[in-house]
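Starting off, we have a lone chain in the form predicted on its own, written out as C-alpha cells.
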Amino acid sequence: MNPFKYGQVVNGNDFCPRPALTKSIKDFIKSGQNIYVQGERRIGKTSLIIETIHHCRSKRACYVDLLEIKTTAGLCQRLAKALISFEQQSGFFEKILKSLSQLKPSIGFDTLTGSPTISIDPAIKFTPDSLNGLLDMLLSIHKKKPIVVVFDEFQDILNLREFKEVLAILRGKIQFHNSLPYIFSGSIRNKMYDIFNNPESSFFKSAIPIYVSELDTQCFVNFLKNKFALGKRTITDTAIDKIFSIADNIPGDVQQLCAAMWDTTSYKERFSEKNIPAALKLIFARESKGYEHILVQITELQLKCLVGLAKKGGKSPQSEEFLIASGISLPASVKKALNRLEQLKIVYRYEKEYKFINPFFKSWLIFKNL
C-alpha cells in the first residue's frame, strides 16, 4: 500500500509533526482565543488544525469549508450542514434536526457507503440574518460539550455580494462567544490580511495570526525516508533535494511526487534522481486532461508567458531576458497576461515572485516543449 497521502486531511502517522505550531494553536484553543491561520496552498494548514484539535482533550472540531463560496445562502447551507453532520457524529442528531426544522432538512443515504446524508430544502430563502440562529446553535452545542469552530478558506467569504454585512453579523455574534474558540484558515494572504488587519473591516484585530510556512526540512526528510522504509526502500539525498525543487517545497506536492515514485518503482529498490522522470510522467498521465483544459482557456500570449515562467522563473517577468525567452515584445503585455493568469488561478504572486499553483503543470510545459 502506498504510504504517501496528499490532497486530503491527514492525521496520526500520516501527519508530519510541527511541534511549535501545534503547541501555539493548542494553547490558544485552551484559552478560548480566536486565531487566523495563513499559509500557501497545500502547505498543510487544515491537517495541522484538525490534528491539533484532536489532541486537545475533550475538544471536538466543527469544520466548515468555505472554498469558492458564492452566496450568503450557500454560506448558511454549509454552516447548517456542518452543524447537522457534526451532531450526527456526536449523538445529538435528532435534537439538531428538530432545532433546525425551519431549514427543512431531509435525510438520505449514500448509495455507495450506506451512510446517511443531509440536504437542506433549496426553497429556503437565506439572508445574512439567517446566520444569527445558526451561530446561536454553535454556542448551544459548545455549552454541552466543548467544540472548536473551524472556518476553512475563510478569505472566500469576500466573494459574497453582502460580505460586509455578513462579516459584521459574524463578528457581532462571535465576540460574545467568549469560551468558544474560532479558527479562521485561509490561503490567499492579501485577502486574509485585509479581513483581519484593515481598520474598516468588522474583523479588525479580532483574532491572533498564525503563519504556516514550509516544514522543517530535516524533519520532513526524515518523515519521507521513514515512509519509503515501509517498503524496504531507500532514497538518496540528491533525489530528495530534486523532489523538493520540482514540487516547490510544498508538502502536499512533495508527497504527490513521492507517491508517484513509489508507484513506479519496486520493493526494496533504492531511489535516485533517475527515478524521477518516470514518476513525473505518471503524474502527467493522471493530470493531462486538466493541463489541456488550461490551454483551452488561455491565449497564445498567455501561454508564452507561462512557458517563460516555467523556463526562467517568476522573479523578473518583465526583464529583457524574460521577454527574449518567452518571445513577448513588451513588458506591458507580460503584465496583462500575468494579471489574467492570476484571475484564472493558474499562477499566484508570493513575495514579488510569480509561481505556478500546480508545480507539475510547470514541469509538463517544459516536458511538452511548448
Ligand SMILES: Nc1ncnc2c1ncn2[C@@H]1O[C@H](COP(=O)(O)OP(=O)(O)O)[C@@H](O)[C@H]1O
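All residue numbers refer to positions in the sequence shown, first residue = 1. Note that the coordinates shown come from a computational prediction; the quantities given were computed from them, not determined experimentally.
Below, we turn to the form predicted in complex with the named molecule, even though it does not appear here.
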Does the 4.5 Å heavy atom contact test between Glu353 and the named molecule in the model of the complex come out positive? no
Lys312: touches the named molecule in the model of the complex, heavy atom cutoff 4.5 angstroms: no
Looking in the model of the complex, any heavy atom of Lys304 within 4.5 Å of the named molecule? no
Could you confirm whether Phe15 comes within 4.5 Å of the named molecule in the model of the complex, counting heavy atoms only? yes
In the model of the complex, the one of Ala337, Ile69, Ile35, Ile43 near the named molecule [non-hydrogen atom within 4.5 angstroms]: Ile43
Looking in the model of the complex, is the named molecule within 4.5 angstroms of a heavy atom from every one of Phe126, Gly133 and Leu170? no
Within 4.5 Å of the named molecule in the model of the complex, heavy atom basis, the matching stretch of 280 to 288, 74 to 82, 215 to 223, 296 to 304 is 215 to 223
Under the 4.5 Å heavy atom criterion, name the residues of 247 to 277 that approach the named molecule in the model of the complex, in sequence order. Pro251, Gly252, Gln255
